[in-house]
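For reference, the chain that follows is the form predicted alone, supplied as structure tokens.
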Amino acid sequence: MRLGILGGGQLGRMLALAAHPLGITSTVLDPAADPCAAAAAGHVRGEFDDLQALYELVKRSDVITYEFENVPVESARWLAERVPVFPPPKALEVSQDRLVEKSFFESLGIPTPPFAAIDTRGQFEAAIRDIGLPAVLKTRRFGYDGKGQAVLRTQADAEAAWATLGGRPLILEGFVPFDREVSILAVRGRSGETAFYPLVENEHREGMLYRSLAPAANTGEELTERAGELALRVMTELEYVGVLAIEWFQDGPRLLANEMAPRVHNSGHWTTEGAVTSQFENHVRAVCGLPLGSAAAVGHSALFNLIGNRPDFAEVLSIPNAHLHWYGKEPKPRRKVGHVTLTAPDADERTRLADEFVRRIAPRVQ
């Protein structure tokens, strides 16, 4: 079996590493001369809308997936006419535009914060009156890791945000006074079988994921089942295959959908050491038509992103049960260059190890 991957970043790298023990060879398509995934996979260099490069990937692949959601939908559809592509291009189309995504959730009866489409200054002013402040103004496309959005608490904030973001398609969302942010990772195979990882609690800083705790504490069976049931609605409607991540705002017993990612996800990196089957292996299994593995957690895990700087590897590994993943990327400000997963038999030990990491390592890698 040959797996093609659109994108050669760290997610493509980890997918290729998960595919290798299954006897599956991988090839990534990426415009960079030396993407980090090329250390674990073959590499076709080209833009994602370059038909010659896309055709070369087709020749090297029995099935194609992608590692990020900003792949051109037209390219995914062109590929799907020649080789199976999972998740389906429709999932890309829904997730690439925040307004389309929120409207899709709404159509399935999935709760979201209040939202309004913004194309003109008049619509912006009307939306502020209807939704109120605080609110969040976001670009409809190409926003990630906190880019392309601004929190509006006052009218002065609104003026500044419009000056920066105005003139392009936008969405205004009501600000949710949530208790915490959680995410669920679900996976669906070609035959329709599904598996659900436990809810994960996420902490973001400056729009970027800083830490994830898995399983999330104090979720209760009802909240976990609710998240899985809502994720299943999405996967069923889209005839989805692969791993799907949905990020939620938890407000007491309520879950409000923030956004979905039709791919393996940063908040699921802990699964490599902390689950029976990692999200990467289960994604490969799903898109390649293999039976899914168990998504059950093994103990308790804490995930920390390494952002911007290279830590002392020896110091990281001196922390008990620390698992280092370095992506082979040049460190730059606000760039995810690796992650560390801490594993523990119980929540108390996880807290102790996480506190040690925060004290010794975190100040130098954020």
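Start at 1 with the first residue shown and count on from there. All figures in this text were calculated on a predicted structure; none of them were measured in a lab.
Another form exists, predicted in complex with adenosine monophosphate (AMP); not displayed. Remarks below refer to it.
Mark residue 273 yes when one of its heavy atoms lies within 4.5 Å of a heavy atom of adenosine monophosphate (AMP) in the predicted complex, and no otherwise.
No, residue 273 stays farther than 4.5 Å from adenosine monophosphate (AMP) in the predicted complex.
Residue-level contact is defined here as any heavy atom of the residue lying within 4.5 Å of adenosine monophosphate (AMP) in the predicted complex; does residue 181 satisfy this criterion?
Residue-level check for residue 181: yes, a contact with adenosine monophosphate (AMP).
So in the predicted complex, does residue 174 come within 4.5 Å of adenosine monophosphate (AMP), heavy atom to heavy atom?
Yes, contact at 4.5 Å.
Is residue 93 close enough to adenosine monophosphate (AMP) in the predicted complex to count, meaning some heavy atom within 4.5 Å?
Close contact is absent here: in the predicted complex, residue 93 is far from adenosine monophosphate (AMP), nothing within 4.5 Å, heavy atoms only.
Under a 4.5 angstroms heavy atom criterion, identify the one residue in 204, 77, 168, 254 near adenosine monophosphate (AMP) in the predicted complex.
It is 204.
Taking adenosine monophosphate (AMP) in the predicted complex as the reference, which of 249, 104, 162, 280 has a non-hydrogen atom within 4.5 Å?
Looking at the other structure, the residue within range turns out to be 249.
Select, from the options 218-226, 123-131, 258-266, 189-197, the stretch whose residues sit within 4.5 angstroms of adenosine monophosphate (AMP) in the predicted complex by heavy atom distance.
Heavy atoms within 4.5 Å of adenosine monophosphate (AMP) in the predicted complex occur in 258-266.
Counting heavy atoms only and using a 4.5 Å cut-off, do 305, 339 and 358 all touch adenosine monophosphate (AMP) in the predicted complex?
Answer is no for this spot.
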